[in-house]
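A single chain, nothing else alongside it, follows as structure tokens in the form predicted alone.
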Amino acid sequence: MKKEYSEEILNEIKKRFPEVEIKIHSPRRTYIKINRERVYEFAKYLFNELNMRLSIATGIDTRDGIEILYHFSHDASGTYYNIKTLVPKDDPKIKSLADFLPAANWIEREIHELLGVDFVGHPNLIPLLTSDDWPERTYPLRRDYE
């Protein structure tokens, strides 16, 4: 199998989720933008039906909101399909993937702790990295952190 994205997979994704925006960054990395309300269903589709695995998730505070990227690996082809979504700062919530993806558990806790995103339905959003006396609602990776 060639080590590059699959047109067949992208066509399946477009058919199932016509609202997504697909950007091919390189032969081995594709970004797929979708609304936060559809991330859970889309991630479940990548995992259950396309046999991809969650490698990691990342978050960044942008001027437009908190951007979350879920990096899914398609191991058979050595490629990444990255879900990209934006969570508004005035309502920083998104459905947790931890109920069907145990790999999401710790990284969602970390993003919650450092950026203040609430992962709805997460079983245990207690801090991982900050000290026990860290002030509540103070997120060190937010642009407004002082």
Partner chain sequence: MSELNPKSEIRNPEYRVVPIGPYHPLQEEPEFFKLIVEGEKVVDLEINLGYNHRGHEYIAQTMTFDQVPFLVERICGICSDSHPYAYCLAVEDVCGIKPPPRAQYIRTIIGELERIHSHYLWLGLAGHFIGYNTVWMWVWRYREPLLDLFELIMGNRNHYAINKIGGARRDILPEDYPKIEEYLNLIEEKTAMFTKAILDDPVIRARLEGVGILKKEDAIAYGVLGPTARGSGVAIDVRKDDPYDAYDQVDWNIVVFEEGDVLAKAKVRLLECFESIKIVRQCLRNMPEGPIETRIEEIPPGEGIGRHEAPRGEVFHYVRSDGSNMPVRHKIRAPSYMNIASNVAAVKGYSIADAALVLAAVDPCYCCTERTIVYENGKKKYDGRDLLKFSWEKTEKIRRRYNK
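These numbers come from a predicted model, not from an experiment. Residue numbers count along the first chain shown, from 1.
One more form of this protein exists, namely the form predicted in complex with the partner chain; it is left out here, but the text below deals with it.
The candidate spot formed by Ile24, Glu41 and Ser96 is out of contact with the partner chain in the predicted bound form: none of the three has a heavy atom within 4.5 Å. At least one heavy atom of Phe47 is located within 4.5 Å of the partner chain in the predicted bound form. Contact check for Asn35: every heavy atom lies farther than 4.5 Å from the partner chain in the predicted bound form. The partner chain is not shown here, but in the predicted bound form it comes within 4.5 Å of a heavy atom of Ile60. Of the heavy atoms in Val87, none are within 4.5 Å of the partner chain in the predicted bound form. Along 99-114, a non-hydrogen atom within 4.5 Å of the partner chain in the predicted bound form is carried by Leu101, Pro102, Ala103, Asn105, Trp106, Ile107, Arg109, Glu110, in order along the sequence.
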